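The chain below stands alone and is given in structure tokens; this is the form predicted alone.
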Amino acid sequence: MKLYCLSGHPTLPCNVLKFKSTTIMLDCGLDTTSVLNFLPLPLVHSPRLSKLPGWISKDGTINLEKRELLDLSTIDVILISNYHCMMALPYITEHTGFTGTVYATEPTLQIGRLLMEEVVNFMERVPKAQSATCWKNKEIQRMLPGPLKDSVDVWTWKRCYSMHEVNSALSKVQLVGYSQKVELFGAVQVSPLSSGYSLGSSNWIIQSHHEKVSYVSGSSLLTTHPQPMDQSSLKNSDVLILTGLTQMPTANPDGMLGEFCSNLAMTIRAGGNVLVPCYSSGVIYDLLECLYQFIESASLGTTPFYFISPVANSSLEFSQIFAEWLCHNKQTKVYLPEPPFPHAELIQTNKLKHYPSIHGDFSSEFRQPCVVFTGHPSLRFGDVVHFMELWGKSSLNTIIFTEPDFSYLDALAPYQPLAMKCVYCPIDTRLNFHQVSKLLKEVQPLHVVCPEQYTQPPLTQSHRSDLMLELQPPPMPYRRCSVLNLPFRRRYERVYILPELANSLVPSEIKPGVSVATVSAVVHSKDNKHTLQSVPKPPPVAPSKKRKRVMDEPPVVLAPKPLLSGAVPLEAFLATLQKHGITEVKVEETADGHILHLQAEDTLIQLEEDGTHIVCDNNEPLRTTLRDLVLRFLQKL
């Protein structure tokens, strides 16, 4: 069993597991941090951005992890744990010869489609006069300004996919539900479990009849809107692959929510606007729910909230219809009936308004001061670029970062000098190191495999030993482009026996409650299932004068030698030897049994627990007699 690591980003994993002749890709996260190397893409021409020094690429590019480690066309299935970990799917399914199946839950598929559609929309609506690719040549790259010249593997950066590629990729997805068991070629069985992180997010169990591998990615034990994490099904794992822990282990999500609300209220009271760069699904549901409870107490009832995204309407509606994927409290609201999320009431009372873009209705209904939720969190594309240009010059305004995927200092770099206030409130509900250590003590896997980053403290906090995994035995770390031989061997395989063959068996009891039977059969293997069938009788051969070739002759089936069981009792065996005239016997006790030295015959008999050996030189009649005497005490099977 081997594990190939294709990603260097622990929260955007892409691993490949080879297990029992199946090749399984675990997630295909897309690292978009490479966009921070580029200037923002404004909707309208920006004189300030165009005057910035530097070298401008006309490509909308994002980073695709290494694919040379193995041939991706050999992958049989792809298992998706959550919608953030499927953003590279079109690159894999459309450009590598992939012919397999992708498995994901329905919310993961639908919200993942929205996120991909949003990115494609952001990229395609900004016209590009020309395309440039020669700069990726190493000789040219080293002449570019930093940090672009220092970027690694820029040749892996790809243009953003199209909606045609997105639709084609998602057509290969097969929907599954929690705890649903899916057979893969009869070799292994996969099953998704609730991970508690986001709508439809999953951990995966990959098991055969005798081995079990658990894949834990992007999980949460906090009480938020998704179904709680299923921990019990992770028990008795031979190997647990752990990834997708929190990127902010020192930031408490509840504390960050409180800080978010207080900074928002202070800005609005001072007459400023609040900009929240965010994804169109996920944390925004919790932010809106928090604000719903906070608005009245903070006297913000007249402040407009705007959610601007090409998929804003779909995202808000999807969150209300996936009731079976929500936590119990939100599920019960559906049967009242009430909408599970309070943002439905905010929309009905016109406190929250959503728009596909800043054009059209928004431009006529827009009023300040206000709160705007929009993308992209990198501040490199999307409607957020327009608001940064619009509000960045005023110190009354505030930008609040809630997504932990990007460095907020790097995100703000092209907009400097910036007068607006900046607040960093990263909200990451995934497992922290304390929670995951407690979880592993409960489920007790035999081996843990995790990214190398989790086995050592962060570089900026090298004294914090609590910000790493300390387990016994130590976890097996992996890094990008590494290949691990997972530390357990398959020892058993399940074999079925046909009823007619089973009826022909004659069991012999070798000890109370234990019976054994010998069997001669043909093993028939198909789709990784093995069946014992009766040995076919050779058909009668008509007499022929032609000489047969050796290969035409049916295989000779020999009768099996009888198996022996039991033990040779020392005293009874000595008495039997004496009856047959062998009296001079010297007995020596050993760790495994006894050695009998027949002095007159110059012969040794080794009586051991698992075998008997007769050492007799040049006296075949004596050896045969002694063998027959030993067989009297043993049972033939």
Partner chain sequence: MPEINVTPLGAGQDVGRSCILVSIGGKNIMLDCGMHMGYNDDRRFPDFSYITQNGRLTDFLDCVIISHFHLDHCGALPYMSEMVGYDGPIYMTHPTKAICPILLEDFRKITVDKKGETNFFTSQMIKDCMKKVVPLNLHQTVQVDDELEIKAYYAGHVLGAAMVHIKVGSESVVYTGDYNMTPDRHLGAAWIDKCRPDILISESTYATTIRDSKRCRERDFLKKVHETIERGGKVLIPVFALGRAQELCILLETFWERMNLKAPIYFSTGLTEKANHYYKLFITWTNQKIRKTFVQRNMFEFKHIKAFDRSYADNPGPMVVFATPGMLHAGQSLQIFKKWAGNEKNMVIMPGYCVQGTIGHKILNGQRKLEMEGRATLDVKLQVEYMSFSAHADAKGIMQLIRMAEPRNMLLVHGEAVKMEFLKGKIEQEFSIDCYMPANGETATVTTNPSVPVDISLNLLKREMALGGPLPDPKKPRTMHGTLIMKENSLKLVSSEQALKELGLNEHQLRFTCRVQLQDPHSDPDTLHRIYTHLKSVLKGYTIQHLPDGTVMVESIVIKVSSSAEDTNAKVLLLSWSYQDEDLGSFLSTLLKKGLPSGLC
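The term rigid core refers to the maximal set of C-alpha atoms that superpose within 1.5 Å between the two forms. Positions refer to the first chain, counted from 1. Please read these numbers as outputs of a predicted model, since none were measured by experiment.
The same protein has a further form, the form predicted together with its partner chain, not shown here; the description that follows concerns it.
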In the predicted bound form, the one of Glu124, Glu365, Asp410, Glu338 near its partner chain [non-hydrogen atom within 4.5 angstroms]:
Glu338
Identify, from the list Gln456, Gln461, Ser437, Ser515, the residue with a heavy atom within 4.5 Å of its partner chain in the predicted bound form.
Ser515
Looking at 295-303, 308-316, 478-486, 281-289, which lies within 4.5 angstroms of its partner chain in the predicted bound form, counting heavy atoms?
308-316
Test of understanding: in the predicted bound form, would Glu608 fall inside 4.5 Å of its partner chain by heavy atoms?
yes
Verify the contact flag for Lys181: yes if a non-hydrogen atom of it lies within 4.5 Å of a non-hydrogen atom of its partner chain in the predicted bound form, no if not.
yes
Check whether Lys537 has any heavy atom within 4.5 Å of a heavy atom of its partner chain in the predicted bound form, and answer yes or no.
no
Heavy atoms within 4.5 Å of its partner chain in the predicted bound form: does Phe185 have any?
no
Which of the residues spanning 495-531 lie within 4.5 Å of its partner chain in the predicted bound form, based on heavy atoms?
Val495, Tyr496, Ile497, Leu498, Pro499, Ala502, Leu505, Pro507, Ile510, Lys511, Gly513, Val514, Ser515, Val516, Ala517, Thr518, Val519, Ser520, Ala521, Val522, Val523, Ser525, His530
Against the rigid core, is the Cα displacement of Ile24 between the shown form and the other one at least 2 Å?
no
Yes/no, Leu498 Cα shift of 2 Å or more between the shown form and the other one with rigid core fixed
yes
Once the two forms are fit on the core, has Ser508 moved its CA by at least 2 Å between the shown form and the other one?
yes
